[in-house]
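Given next, in structure tokens, is a single chain: the form predicted alone.
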Amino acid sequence: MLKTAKRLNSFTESVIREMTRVSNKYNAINLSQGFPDFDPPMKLVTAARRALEEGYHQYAITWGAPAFRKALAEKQSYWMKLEIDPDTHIVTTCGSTEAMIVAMMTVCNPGDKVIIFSPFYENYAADVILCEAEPIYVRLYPPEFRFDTDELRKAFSDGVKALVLCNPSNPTGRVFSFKELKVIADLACEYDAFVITDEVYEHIVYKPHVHQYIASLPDMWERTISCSSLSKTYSITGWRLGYVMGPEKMINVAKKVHDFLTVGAAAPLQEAAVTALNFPLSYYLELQRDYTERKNIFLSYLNHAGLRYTKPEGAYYVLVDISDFGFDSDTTFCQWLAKEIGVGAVPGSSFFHEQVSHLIRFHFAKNKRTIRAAGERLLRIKEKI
């Protein structure tokens, strides 16, 4: 009997996308899959229309349209405090999802070990397994979700090839401090390991917290592959524009991986996105203010509903403790929540290597009207139980 690849047996389909289907089934407000219900800036929409009209319908250069890479290099040079070369330091990808698998395949051989902090975004373990490498999990301890330095050192000493760093973190909302990043950087240098970052929430950070790029730390540029996308910053998750950024030696390899995975990202959308990449500093300050207000509105409803949670420092997620409700399974609770309360969430167990069944994840990347509507529904939880 024909059999499919064994490596696919060790992970499931996306739980996050499954919970979107559950939300749709019950007509629930979808606070599970993290995408906005509002449009991107009108200037960006206009630029997309113009790009289509101006004939950008064929392949761009495989590793990214020149205008896109130039604008991205200028933007990231400013934010990262590094000199990013558009021709040698960047590969444009189909979203950060492709960026992460490109980065993983660039550095990992079968049998290599890769550190993943737990909890983690579900793609990371799948990416490692698809590369036939071995995930090594290091726990982030609640309620602040910080790592134990001794445990991290022990993991590095086991001969790891790379560490995956999501900063700001999905699902915890943590923003790693400079001190924490220095510990990771020092261990990576000491044990000669790569760091693969996922920094898609780099501009969604709540004061007084500040996002620091680990690639900008001393001796880290040469061993860091930075992955990100335009999805969250400009509210264009459907455009699928991401990138891999790093030193020329690694990017030359990443170009080959990317070429044979997807050939290239959408040409007209790359041209349009130049407009967004040239937005002034005021855009990012307003983005931060907008998401801070969304966060505060949503957390106020959680407070009124008597729900316990970990306060996010960045990104747009919040982990909520459901221990008080007596459910044996977080999955069962999320199914009940969508059906009876009309709000979609993700079972926390899908993010943890450890056995965890008392947490669920909401996101608040919605317009304020939607957030309030979801909040009003959540106020009914204790009445229903």
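Please read these numbers as outputs of a predicted model, since none were measured by experiment. In case it trips you up, residue 1 is the first one in the sequence shown, and so on.
Just so you know, the form predicted together with glutamine (GLN) exists too; it's not on screen, but the next bit is about it.
The closest heavy atom approach of Asn30 to glutamine (GLN) in the model of the complex falls outside 4.5 Å.
Interface residue remark: Lys368 is not counted as part of the site for glutamine (GLN) in the model of the complex, having no heavy atom within 4.5 Å. In the model of the complex, at least one heavy atom of Lys232 sits within 4.5 Å of glutamine (GLN). Among heavy atoms of Tyr201, some come within 4.5 Å of glutamine (GLN) in the model of the complex.
None of 60-68, 321-329, 47-55, 31-39 except one has non-hydrogen atoms within 4.5 angstroms of glutamine (GLN) in the model of the complex; the exception is 31-39.
The contact with glutamine (GLN) in the model of the complex, taken as any heavy atom within 4.5 Å, belongs to Asn170 out of Gln76, Asn170, Thr92, Thr197. Just one of Trp239, Phe176, Tyr121, Phe117 comes within 4.5 Å of glutamine (GLN) in the model of the complex, counting any heavy atom, and that one is Tyr121. Contact residues in stretch 356-371 (any heavy atom within 4.5 Å of glutamine (GLN), taken in the model of the complex) are limited to Arg361.
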